[in-house]
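Below you'll find only one chain, the form predicted alone, shown as structure tokens.
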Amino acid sequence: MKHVLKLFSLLVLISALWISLLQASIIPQSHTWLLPIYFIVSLGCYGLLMVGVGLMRFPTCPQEAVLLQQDIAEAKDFLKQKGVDVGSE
């Protein structure tokens, strides 16, 4: 719930900033109306960047790979006992 409140307060802050820029005419009117679109595009780029960084830093777990191979071997043995053809090794 705290995360939702934090996001909501950030949304209110950004909206207040945008409305104040519309009222103050600091930035030309044509640019001010595009700020929400710029914000959404920037947010999308940030999200893609975080996904890319997460993929580049994805940890490898060799011990988990060994456990997975053991589980696969157990499953193949179980299926062979039940008479299921599991293919060649």
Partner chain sequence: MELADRAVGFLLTFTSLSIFTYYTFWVIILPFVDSDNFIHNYFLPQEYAILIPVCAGVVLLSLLCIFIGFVLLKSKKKTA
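Numbering follows the first chain given and starts at 1. Only the largest set of C-alpha atoms that superpose within 1.5 Å between the two forms is called the rigid core. Keep in mind it's a predicted model, so treat the numbers as computed, not measured.
The same protein has a further form, the form predicted together with its partner chain, not shown here; the description that follows concerns it.
Of the heavy atoms in Q29, none are within 4.5 Å of its partner chain in the predicted bound form. Contacts of stretch 37 to 65 with its partner chain in the predicted bound form, defined by any heavy atom lying within 4.5 Å, are made by I37, Y38, V41, S42, C45, L48, L49, V51, G52, V53, L55, M56, T60, listed in sequence order. After superposition on the rigid core, the Cα atom of A65 is displaced by 2 Å or more between the shown form and the other one. With a cut-off of 2 Å and the rigid core superposed, I26 has a Cα displacement that falls short of the cut-off between the shown form and the other one. Fitting the two forms on the rigid core leaves the C-alpha of L49 displaced by at least 2 angstroms between the shown form and the other one.
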